[in-house]
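Read the single chain below, which is given as structure tokens and is the form predicted on its own.
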């Protein structure tokens, strides 16, 4: 009998790590398609977490609005409907101006500037989301935003009356200042919106243009390098705290690696995706100096508007950012 008990104890000890696999399952909605580098990074993060925890935490990524629609993802994570999610951070601008600072045109337009801005604004971003029960895991930028049109554009005046794709308050304001008609269109709906005449023009990253096969619905792309906005991945804090300490530690370690990898992939795609657009017949050029000056003036106005909304706390971030760039 003692031998039998000893044998069973040994078997259960061996099964312990296996039994722990998939003990906790999380759902992770994201609005973006599987082909986007952001989503690929999420899949890699989930795979690495599962492997590093020996299956104790199993995160299932649900891409392309398949589980939760884009505008509802943050609320779903807050309420615990899902445990973790990804959104475009500037979409949170109506809640607090700090979330949309990286989407102001020509303010932080290079990767160096985007990194500096994230470093000085991260404490405020993480603190504000934590107050809502959300822990920031990682933030990854999209490549710099280019300008796509059906016809050549050389000035703001030539845009008047065109329908421009928007996806948050900042891009809607930009559309208004450019004299275009703001038209809300999600990333997965871009091809149909262009083809059906719902929109005539848009700002977006070159990788998104490749994903949506922009050459099928538009012709001209201008390398404006307008801004480098970021996605944010966050987790419900209660769900995070419910994990064993060792699993929490692994989750944060893998999140740091996902952020580092995401920045590297973003810069890679920033270099490679424009080549794919040209290869497929699109016309890629820099905007004219006059057009660039007009857009820069609009960006300066949007920054002034932002500073008025953000108040002293916002000015501290902008001042710290400019000091860091020196």
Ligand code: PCA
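None of the values given here were measured: they were computed from a predicted structure. Residue numbers count along the first chain shown, from 1.
The same protein also has a form predicted together with the named molecule, omitted here; what follows describes it.
A heavy atom within 4.5 Å of the named molecule in the model of the complex is found for exactly one of 218, 170, 208, 254: 208. Taking a 4.5 Å heavy atom cutoff to the named molecule in the model of the complex, the contact residue among 92, 159, 187, 137 is 187.
Every residue of the trio 88, 145 and 204 has some heavy atom no more than 4.5 Å from the named molecule in the model of the complex. Among residues of the shown chain, residue 32 is one whose heavy atoms approach the named molecule to within 4.5 Å in the model of the complex. You can rule out all but one of 74 to 82, 193 to 201, 97 to 105, 160 to 168: in the model of the complex, only 160 to 168 has residues with a heavy atom within 4.5 Å of the named molecule.
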